[in-house]
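First, one chain by itself: the form predicted alone, in structure tokens.
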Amino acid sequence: MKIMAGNSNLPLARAIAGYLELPLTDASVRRFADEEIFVEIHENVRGEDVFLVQSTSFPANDHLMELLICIDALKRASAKRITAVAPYFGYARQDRKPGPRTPISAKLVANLITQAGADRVLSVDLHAGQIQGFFDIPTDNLYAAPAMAADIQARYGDQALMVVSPDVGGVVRARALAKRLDNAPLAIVDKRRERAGESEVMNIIGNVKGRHCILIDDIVDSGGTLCNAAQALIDAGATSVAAYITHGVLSGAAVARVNKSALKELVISDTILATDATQNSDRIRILSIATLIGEAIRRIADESSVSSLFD
């Protein structure tokens, strides 16, 4: 087994390799003067089971091309099996046709990864479960919920907790976390989105008065929905609000928005490399899931059960 990394999230790749007690494969992923990507693998991978760690986060197109070219390089180097480990799967929010003449970009990206030569895909908290079906190769979708539940119990276990979904679509994810927190009660934020990137909180479904609320979601991008939801919960009588989000995209002024919000803290995983602004914020904490991904990789290599990780 070998672990190889692109440039999108080297600290996570190193942490995964450290957990598995393996060195990262010696390879270079660099640019020509015109920004074309060039990949060169400096050690033998013939007949090896290779796990390529590369999130397709910002800049999404560059990191996606890195992933595809790395897969092609491994394929042409006669690797026995190539697993694309994309902790954050970009373009996942375009998983259906919301209107006429719009693309299903998640399916296109799935096709690109498959055609490039990947034999398997491993990701964390896909935005929509059906994306697994977009691939014609085995695809494992890991869940950050166990790590988040353990962190919540350690920090807030002595308080009256309530798990909150920031929208109706996230109820299944919120319910799964609530079950891990000794069947904590559940509330839902009912919001109306007029256009992409903007949201208006309309109502809180559930009694949050006197509760410490835990907002749970898979992606925080602009942070508008999250901050509006936190303020609505405080206005409805919540004692405090913390948010646990798997993928901290945090584009534009998102970090500044979080710093000024009613959130006690925002906890994100390290599926996406944190910016300096994110690391310097006293409201944002990073929870590593390198152990989870590393254990999943070990089980895939050993041909043992991955789903039992979440029992």
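Quick caveat: nothing in here was measured; it's all calculated off a predicted structure. The first residue of the shown sequence is 1; numbering continues from there.
The same protein also exists as the form predicted in complex with a small molecule; that form is not shown, yet it is the one meant from here on.
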item: Contact test in the predicted bound form: Gly206 vs the small molecule, heavy atoms, 4.5 Å; value: no
item: Interface membership of Thr83, the small molecule in the predicted bound form, 4.5 Å heavy atom rule; value: no
item: In the predicted bound form, Asp140 touching the small molecule (heavy atom, 4.5 Å); value: no
item: Contact test in the predicted bound form: Asp125 vs the small molecule, heavy atoms, 4.5 Å; value: no
item: Partner-proximal stretch of 75-83, 148-156, 174-182, 224-232 relative to the small molecule in the predicted bound form, 4.5 angstroms, heavy atom; value: 224-232
item: Triple contact flag Asp167, Asp217 and Val220 to the small molecule in the predicted bound form, non-hydrogen atom at 4.5 angstroms; value: yes
item: Residue (of His212, Arg120, Lys107, Arg93) lying close to the small molecule in the predicted bound form, criterion heavy atoms within 4.5 Å; value: Arg93
